[in-house]
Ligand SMILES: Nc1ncnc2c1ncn2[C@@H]1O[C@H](COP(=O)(O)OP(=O)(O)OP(=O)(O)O)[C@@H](O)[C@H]1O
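Consider the single chain below, provided in structure tokens and representing the form predicted on its own.
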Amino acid sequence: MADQAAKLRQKLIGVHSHYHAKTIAIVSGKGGVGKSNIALNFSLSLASKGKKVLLFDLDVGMGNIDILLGKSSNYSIINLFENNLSIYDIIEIGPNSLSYVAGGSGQDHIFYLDEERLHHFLGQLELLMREYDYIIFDMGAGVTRETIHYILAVDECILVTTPEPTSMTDAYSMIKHVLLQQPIKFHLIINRVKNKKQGVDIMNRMNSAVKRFLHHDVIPLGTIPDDSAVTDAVLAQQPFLIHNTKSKASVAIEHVANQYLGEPSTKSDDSGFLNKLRRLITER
């Protein structure tokens, strides 16, 4: 493992020192909408297009990125604190050269940090900010007092929901909860749609409601069809983008990634993210 960490560090340091990683939180109003699966396959699609991507599994108690990948991770984010490891020690490499950090269990450690552990965590994050194009946090469902500071600190949020009325209601409630604290750029992905028309109608309704009552825009990224190939991939413990590249879901997630990359880029500020996260954690 020491050799793997050394090789990763050597590969990353200095090569992309001009980068300022954009930080993204992938969120959902409720569980069971396929958020982690979307987060993983979206990250893989970005990586396949030559982007350097690091995916953090911060889904408290439900972390399953390594399970979706069919891998048994050597370390998780917990080991960063309990064993005082370097961030390079816990980064795993998946398909398309995607870097990821597994969630593990007992993940409350990352939300309840004393000053020493917070300093260590932020110092390790700072090492990565100039080495990746995107650092993506797969957050737990909903928004809690423990997770809100990560959501508020990132550059952008991607909200995953489904056409179900309860899912839509919870998604709107989450947007409202976040926007009432500070403005942040929200993207929207509708998962498990019957057809594209249904997805577009739902996105338009959501955007209209947010604009009318919260005076904010939600940017539609795209829709993912209800596709049996996704279930097949989960059972095979492979990302659906890898398991069946020509499936409807795979084509759709590629479209979503292309749509995202084609948007005007918001300015990312690594020190801004780290400073906001420190302030939000210490003020909680």
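Numbers follow the displayed sequence, beginning with 1. Computed from a predicted structure; not experimentally measured.
Another form exists, predicted in complex with the ligand; not displayed. Remarks below refer to it.
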(request) Identify which of I253, L55, V230, L44 has a heavy atom within 4.5 Å of the ligand in the predicted bound form; exactly one of them does. (result) V230
(request) Among 214-222, 32-40, 46-54, 255-263, mark the stretch whose residues have heavy atoms within 4.5 Å of the ligand in the predicted bound form. (result) 32-40
(request) Give a yes/no on whether D59 approaches the ligand to within 4.5 Å in the predicted bound form, heavy atoms considered. (result) yes
(request) Please check if M203 has a heavy atom lying within 4.5 Å of any heavy atom of the ligand in the predicted bound form. (result) no
(request) Answer for V234 alone: is it within 4.5 Å of the ligand in the predicted bound form, judged on heavy atom distances? (result) yes
(request) Decide whether A141 counts as a contact residue for the ligand in the predicted bound form under a heavy atom distance cut-off of 4.5 Å. (result) yes
(request) For the heavy atom contacts within 4.5 Å of the ligand in the predicted bound form, list the residues of 184-213 involved, in sequence order. (result) N191, R192
